[in-house]
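This document starts with one chain, in the form predicted alone, laid out as structure tokens.
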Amino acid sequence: MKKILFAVYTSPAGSIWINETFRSIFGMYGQDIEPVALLLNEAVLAVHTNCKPELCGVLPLSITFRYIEKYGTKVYAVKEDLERFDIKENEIDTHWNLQILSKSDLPEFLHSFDNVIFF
């Protein structure tokens, strides 16, 4: 089974990329592929409980939660980016089932995948 990392780095407010990333991930489950999501840079803002991109006219992030749970999709975020935006652990929406990794772990993490796609 191939492992593909979908890395998204753009803000969830005013862009469609986080939802497009997850739409692509959920489409992979019909194939022999294990998709994983990585949120870095401004994309980590999506995990905050108060993140509501629908207020900017973009689809709500909550539409992904049902499928993250259904497929057991692994979602990672970069610790230093969470700290940069002052997102505390108790402010992270539990629907993400988020796993946090350090920037120093990124090189080894990225090399553990067959392919990496950036959004």
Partner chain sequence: MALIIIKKSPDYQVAHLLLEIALPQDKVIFLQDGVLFAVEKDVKTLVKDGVELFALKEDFVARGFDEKESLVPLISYDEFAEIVEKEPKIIS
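The structure displayed is predicted, hence computed values, not measured ones. Positions refer to the first chain, counted from 1.
Another form, the form predicted together with the partner chain, is not on view; read the next lines as being about it.
Taken together, the three residues Tyr9, Lys103 and Pro107 all lie with some non-hydrogen atom within 4.5 angstroms of the partner chain in the predicted bound form. Residue-level contacts in the predicted bound form: of Val75, Val47, Leu40, Leu61, one residue has a heavy atom within 4.5 Å of the partner chain, and it is Leu40.
Mapping the unseen interface onto this chain, Lys88 falls outside it, with no heavy atom inside 4.5 Å of the partner chain in the predicted bound form. Residue contact check for Arg66: none of its heavy atoms lie within 4.5 Å of the partner chain in the predicted bound form.
At a distance threshold of 4.5 angstroms between non-hydrogen atoms, Lys70 is out of contact with the partner chain in the predicted bound form. Interface residues of 99-119, taken as those with a heavy atom within 4.5 Å of the partner chain in the predicted bound form (partner not displayed): Lys103, Leu106, Pro107, Leu110, His111, Ser112, Phe113, Asp114, Asn115, Val116, Ile117, Phe118, in sequence order.
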